[in-house]
Each structure stands twice: as structure tokens, then as C-alpha cells.
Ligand code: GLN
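First, one chain by itself in C-alpha cells, the form predicted alone.
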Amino acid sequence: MRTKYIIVTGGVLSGLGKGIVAASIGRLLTPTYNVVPVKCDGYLNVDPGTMNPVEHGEVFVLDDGGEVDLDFGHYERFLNRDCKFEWNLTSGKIFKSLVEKERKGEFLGKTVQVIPHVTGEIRERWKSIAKKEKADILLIEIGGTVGDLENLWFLEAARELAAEVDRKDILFVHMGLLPVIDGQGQQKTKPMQQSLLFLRERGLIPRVLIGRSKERLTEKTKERIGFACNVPKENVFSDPNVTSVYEIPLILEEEGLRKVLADELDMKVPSKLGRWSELVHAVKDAKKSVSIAVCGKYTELADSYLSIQEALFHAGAHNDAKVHLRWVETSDIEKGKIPIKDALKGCDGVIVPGGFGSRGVEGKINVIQYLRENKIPFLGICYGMQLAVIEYARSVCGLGGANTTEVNASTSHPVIDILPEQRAIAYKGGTMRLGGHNVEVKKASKASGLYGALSIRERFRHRYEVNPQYVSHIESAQFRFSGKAPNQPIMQLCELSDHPFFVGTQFHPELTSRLERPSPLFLGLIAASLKCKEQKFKLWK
């Protein structure tokens, strides 16, 4: 089978959920076909690794160490596959490659231009990925909106690709906003029509349209879009507001997108979604519920912790429970704007996620102490684990002033210190301890019970670690480091034995969680939180 190309574009405004739609299309084709997702981003950063999460959302880390756009989290969770760094094409990555080639003299004195060189580089990257991965479907999402200047070279590359391949081997899918004006109740199609005009000016003709709106598209709306945009009504689909993004593949399947994809690309109709539907409905129909607080410093943008939200949903689905999230800004606790007891009132479990820098750190440490002393289920991730170690060192081990050298370089007790290999690094991008690494888990630990294994693989993104010189001083009958790097003194798991659930991880378990294969640590947190709630622990004194 020749590789088929599906190219997803979006119009009107960003943030419509184009990545979720692209991932949902991929889900409809998986596992019948080998679907390989590619994301094209117009920004000049080589990757999003140095971007503030509040500005761009979560940085997703792949097993191969690549720092990529958060949409890759959707791809991995929906397609049940590990993605690769080379599948994320940014303008910065493309331009960097061309400049390096030019400096080596590879263009033989030619003037290097957007057309044909930039677009040619993009096109060749797409074809190279398809060939290397033996892709049945190369699913290409072009980020941003079709009116963005920085996306023009990706759109032109798509036009050039369409001219190279058979019509039945490429399909353009366009997503647009269909707003409803208050008081009128009518789904407005003009924004979709306007964005399509721009696409047509670029020589791109979508044959499938997806309308983003509050409710499912009415038949009248579909007819209006189809007529105005020269697309069969049957090729117009709904992307409504939903309780969970995992409902989108179900809606697209119900409206007939699987068959349309097969017809448009001359393929056999893909298999149905199977257990996916069961898990989604398990959460919708769940009678149990649990409240989890996420105590972080990037809470003003929920996408900063997107993978944590998704991992909690996965764990809830497998515990037949709805998970209600509460965002707690630890800077407010640190400044005394809100007491910890009030901030966490009614919460059954707490996550202290990763982060960088000093802002909100003491607030997080105070939260962790409260959780430890009041026996409230706790999961500390990356920085969250490091701060749990600092809190225990200060409060229990008598190491007053214990800290991380990231916050206080002259601390008297540097229980958290920079990794030795990080000391001489000047460039920030892509230089942390990144990607998948093996973890040795101790026998008879909570972690080994949750994973059911003594060797696991998880993903990391950090520069600092537990200082090996303090490990023996901090460990006790209650507190233990239950996981480490093979052949290295890098502590990667810690836990308390005299607590319902108190676990810290140097890695990011949320990055490998899937709806059909949830993270064991998130499963454990939700199970412990439900148990504490069901047993009516008097946690909030």
C-alpha cells in the first residue's frame, strides 16, 4: 500500500483543538493502519523546550528525549504509540537545517529561498518520515491558523506534495469555528467560509470539513457549509464541546467519518473503536467521584499541566470514578494569601507537579508538610519529589535550612543538587536529562506493588537530583528511596511507609499514561484517595 497523506489545517483562531481532532482521526484509523503523526509549527524555536508553559502550554517529552509540542501527547494517548522527535517540524528546525547546509556549500552557489528550498526541505522531511516508518497514513497537522504568515511555507509544501501524488493518496481536512451569537441560536458558517477562501488561494482544496461549535452541527448547518464550500454534506462533521476529549473519536465515528476517510483515500473501512468507547462511558456513568488538587506555579493556564489532567482521567476510568480537579497556586500560599487548610479543603488527594525556579517553592514545601502530617494522599512529580525530600530533611532529619541549589546555591545542606554532567552546560535547549530511562525498583516497595515489576521505564526532564551524599542521612524506617537509576546513584522514587499514599518520582509518569494503559502511580493515587474518602478519614481538621 502506498502511503496516504492526511493534512489537517485550522482556521479563524488558534486553540480550537485541532490537535485533538487530528489525533481523533488517527484513532479512527488505528490499529487497522500504521498511522504516523507529524506536527508542523511555525515558530522559530527549534523546539518548545525553553518556552514558558504559561505562554505555550506543556512541553511534552518523548522517549527519545525530544521536547515537543503538547499535541504529541494527544497523538501518543490516542494512537497508543511512542512518537519521535523528528516528527515535530518547526520553522526553526527547518531553517537551522538549511543554514547549516548552505554553510557547508551544499547548494553549489545557488540563492537559498523559501521556494523551492524551504518548501522542498519540508516536503522531503515528510516523505522521508513516511518511508522510514513504513507509514500507511502520514497524518500531518499544520499548527496555528491558515492566515498565519509563519505557516505559509508549510501550506505551500502541502500544495507541492498534492501535485506530486495521486488524488486518492492525499486528503485535506479543514477545521473551522462555527460560533453562535447570544440571543440568535444560529450556528454561523461565515468564519468557516472565510478561512476556506484563504486555503483555496494557496491552492489547497479540503474534501472534509470539521466544525468547532458548542453543540453538534445541525443538518441545516451541514447543508449550508457543504453548499457554500463545495463539499458533500456527508463530509461535514461536528466537533462540539464535550466533557472529555476522548469522546471526539466516538462522535466522529457516529457521524460516519471512518467510512468517508476510507472512500476518499480508496482504503478498506478501518475497524471500530472497541474498548475505547467502554472506558469513556465508564467515566460518564461513574457513581464514585474524587477531588484532586494540583498545587503548582503555572496554574493560570491549565494546558501547562495537560498530561497530568489526562493521566487523572485515565486513572479515574479504571477506578470507575470521576476526577474533579482543583488548581492551587502555591505562590498564593507562600505569600499568605490563603491558608493551606482552606486551599485544600474538600480535596481527597494532591499532586505537586514539576517546575523550575524559586517562585512558589516554599508554598509547595508547606503543602507537602501538611499532606505528610495529615495523611493525605500525595504524588510529587520531578520538582515535587525534590521538594518532598527537602521537607523531610528539614522537618524530620534535623537538617535545618536544607534546600536545592537551584534556589539557594549557598545552602548549608544541599540535599538537592545539579547533576554533575549539567555543570558545564551553557546552552539550555535540549540539554537536560531527557527522555526514557530505566528505573530499578526495590522489592516490597509501594512502587513495585503498583508496577508489578522491579525494572520499569519512564520519561525524565530535569537538571537537579537528590544529592547522593545525603541519601543515607535522609532514609529511615518510614522514608525510603525505592527506585534508582541502574549503575548510578540517581534517586528516582521515594515513598513513606506509614502513610496512605506518599510517593515522589523524579520522572514524569503522566507522559506515558494512556486511556487503555493508565500510569500505575496515578492509578495508585486515585485508588488511595477514593479509599480515604470512602473510609471517611477526618482529613480536614
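When you see a residue number, it is the position in the sequence shown, counting from 1. Computed from a predicted structure; not experimentally measured.
The same protein has a further form, the form predicted together with the named molecule, not shown here; the description that follows concerns it.
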{"property": "Candidate stretches 371-379, 68-76, 449-457, 348-356 - the one whose heavy atoms come within 4.5 Å of the named molecule in the predicted bound form", "result": "348-356"}
{"property": "Residue (of 463, 288, 123, 81) lying close to the named molecule in the predicted bound form, criterion heavy atoms within 4.5 Å", "result": "463"}
{"property": "The named molecule: the contacting residue among 102, 362, 406, 332 in the predicted bound form [heavy atom, 4.5 Å]", "result": "406"}
{"property": "Residues 383, 386 and 508 all lining the named molecule in the predicted bound form, heavy atom within 4.5 Å", "result": "yes"}
